[in-house]
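Below sits a lone chain in structure tokens, taken as the form predicted alone.
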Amino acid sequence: MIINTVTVIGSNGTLGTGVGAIFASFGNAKVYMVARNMEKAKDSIEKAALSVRANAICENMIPKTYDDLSFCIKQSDLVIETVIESYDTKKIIHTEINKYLKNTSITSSVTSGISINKLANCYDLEKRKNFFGIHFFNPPYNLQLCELIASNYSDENIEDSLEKYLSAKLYRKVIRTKDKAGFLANRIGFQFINKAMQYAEKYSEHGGIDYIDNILGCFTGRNMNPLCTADFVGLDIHKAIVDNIYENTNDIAHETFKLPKYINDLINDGMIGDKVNKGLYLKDANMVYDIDKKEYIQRKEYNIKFINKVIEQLRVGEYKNSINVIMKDNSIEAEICRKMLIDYIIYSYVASKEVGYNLIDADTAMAEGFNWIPPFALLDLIGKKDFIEKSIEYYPKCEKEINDLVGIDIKSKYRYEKFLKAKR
């Protein structure tokens, strides 16, 4: 597949900026960066160069506005939409793309979970075969995962060629997923984050948000604590993703996708995370939102004993001992931690069976899309005996799924050591 010219619609958003940079640098393509006005389009090019640390790519990027859509689309081998996560907004954009798109050009949406089949209906029948979901992760330069989602109309040969292009030319770790709400990585990752939000509300008297973030820190195998991640992504984006999954699925984790009221309240007050410098935390300040008081307070210095023990073991490379502390400590904090980790493994298996084409893709999704310890690598670390014992104790209604999971000979290609950090 040869892609010489690309149009990125919504280039001034953080994802649009990053996606444009990937095509201009690794793809060496001419990229039309389309934004609402010329100032934003030019700004997106500057940010794109910074994102890949290469000013040379600016030569490949051309600022354009929505007034130029007709020209840009007619010139392009690939048109990629990266606007806000709203079906109504995306429908308007794709209906417009359809007017000018060549029958041979590929078009796509960088949606994080809106139905690709539904968006494909914006196109004339002969153009639908070229439409795909191409879900990059933010920031694309650092997170290599790319979910490729076909619609019922998509041409398999084009899908094969597109996967090869994304892998070989853009250096993406590509997994194909079914057209299900949230796709695979977000289905797993945002279930974990939303459940952490629910736990923060449940344990608000213990400290709430930063209490739970401490319990699920870097020592559990993630690059960023889950509620800090929610602020980084944006609480509004988080809401769009989990609401979509909650409304369009009904699996064993359905209730864990229900957004807590305090998150809705923060969003309604415009406190949506890092992009406005306030959300669950005040950015660049040592303050956290108190769920009960409904105001920001100083973050606490938690001295949780089981965490200290885990970090001591990780510092000397005793990974098995570190997980044994989590699995056997009798404190309430350790129990919260192990419940979350066990649930993460179980739900990764359930989601991968429903949404993915290969079970092991759940590992790729979480390692390359979230920089989290892959679920099956975590299972290797815990060991099946301890996993079965605790998982059936905590989730007796999932006994069938648990037995099915441990009965499968599945081996992670990732090493857990890479993801476990000796810090909170």
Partner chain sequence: MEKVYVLGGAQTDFERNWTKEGKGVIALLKEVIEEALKNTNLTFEEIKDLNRKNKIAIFIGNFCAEYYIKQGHLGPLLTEVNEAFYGIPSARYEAACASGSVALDAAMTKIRAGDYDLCIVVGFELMKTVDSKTCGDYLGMAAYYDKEAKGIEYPFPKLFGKLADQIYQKYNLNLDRFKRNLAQIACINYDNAKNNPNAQTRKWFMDSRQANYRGNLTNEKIGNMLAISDCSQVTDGAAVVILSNEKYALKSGKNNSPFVKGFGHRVAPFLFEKKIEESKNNKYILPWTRQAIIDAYRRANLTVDDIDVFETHDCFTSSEYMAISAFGITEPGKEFEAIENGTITMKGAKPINPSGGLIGCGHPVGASGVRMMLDLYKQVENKAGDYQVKNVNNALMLNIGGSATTNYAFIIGK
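Residue numbers count along the first chain shown, from 1. Please read these numbers as outputs of a predicted model, since none were measured by experiment.
Form predicted together with the partner chain: not shown, discussed below.
Asker: Counting only non-hydrogen atoms and a 4.5 Å threshold, tell me whether I57, L420 and K423 all contact the partner chain in the predicted complex.
Answerer: All three within 4.5 Å in the predicted complex.
Asker: Go through 314 to 322, 224 to 232, 264 to 272, 291 to 299 and give me the stretch that gets within 4.5 Å of the partner chain in the predicted complex, heavy atoms only.
Answerer: Going by heavy atoms within 4.5 Å, the stretch is 314 to 322.
Asker: Does the partner chain come within 4.5 Å of any heavy atom of Y395 in the predicted complex?
Answerer: Although the partner chain is absent here, Y395 would stay clear of it in the predicted complex, with no heavy atoms inside 4.5 Å.
Asker: Contact with the partner chain in the predicted complex for S25, defined as at least one heavy atom pair within 4.5 Å: yes or no?
Answerer: S25: contacts the partner chain in the predicted complex.
Asker: Residue-level question: is S105 within 4.5 Å of the partner chain in the predicted complex, judged on heavy atoms?
Answerer: Close contact is absent here: in the predicted complex, S105 is far from the partner chain, nothing within 4.5 Å, heavy atoms only.
Asker: Quick one: does K413 come within 4.5 Å of the partner chain in the predicted complex, counting heavy atoms only?
Answerer: Output for K413 is no: heavy atoms all beyond 4.5 Å of the partner chain.
Asker: Pick from T256, N138, Q144, N117: which residue has any heavy atom within 4.5 angstroms of the partner chain in the predicted complex?
Answerer: Among T256, N138, Q144, N117, a heavy atom within 4.5 Å of the partner chain in the predicted complex occurs only for Q144.
Asker: Using a 4.5 Å cut-off on any heavy atom, which residues of 155 to 176 would contact the partner chain in the predicted complex?
Answerer: Just Y171.
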